[in-house]
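What follows is a single chain, given as structure tokens, in the form predicted alone.
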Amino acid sequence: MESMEDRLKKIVRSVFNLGPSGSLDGLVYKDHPRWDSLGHIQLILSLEKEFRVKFSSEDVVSVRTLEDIASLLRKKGGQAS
């Protein structure tokens, strides 16, 4: 079974059309051309579906990095889809 972090990375790669070998280290909201406001919403919706969680408005605006998202998913106890 894939770890939560592996699933998160898979979703990020899919939403932002990133290749399987590119590094995700240092990926930050608005510092990457595809992680703009529309990309952010697409990412949030994909995460909610995959992990069966619901993010509040505060959650959505608070996440800026993959580490932020992983921490939030752990806090919310995201489930497998």
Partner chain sequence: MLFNSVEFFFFLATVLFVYHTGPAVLKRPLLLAASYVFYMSWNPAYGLLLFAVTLLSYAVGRGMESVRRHARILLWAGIGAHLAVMFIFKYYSFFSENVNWTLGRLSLGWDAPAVEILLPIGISFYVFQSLSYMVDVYRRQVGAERNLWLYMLYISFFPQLVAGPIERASNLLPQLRKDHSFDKEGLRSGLVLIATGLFKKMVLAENLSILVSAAFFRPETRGGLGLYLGALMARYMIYCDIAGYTDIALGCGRAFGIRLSKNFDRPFAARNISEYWQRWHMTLSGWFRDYVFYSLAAGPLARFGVPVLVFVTFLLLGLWHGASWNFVIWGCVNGGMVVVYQSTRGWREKFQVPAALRTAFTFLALVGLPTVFVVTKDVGQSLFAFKKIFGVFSQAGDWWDIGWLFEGRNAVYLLSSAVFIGGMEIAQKLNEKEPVLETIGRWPAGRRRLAYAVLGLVAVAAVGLIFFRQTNTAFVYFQF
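In this text, all values refer to a predicted model and were calculated from it rather than measured experimentally. Residue numbers count along the first chain shown, from 1.
Only in words, not in the display: the form predicted in complex with the partner chain, which the text now covers.
The listed set 24, 18, 70, 61 contains one residue whose heavy atoms approach the partner chain in the predicted complex to within 4.5 Å, identified as 61. In the predicted complex, residue 52 stays away from the partner chain, with no heavy atom inside 4.5 Å. At the 4.5 Å threshold, heavy atoms of residue 45 reach the partner chain in the predicted complex. In the predicted complex, the partner chain sits beyond 4.5 Å of every heavy atom of residue 28.
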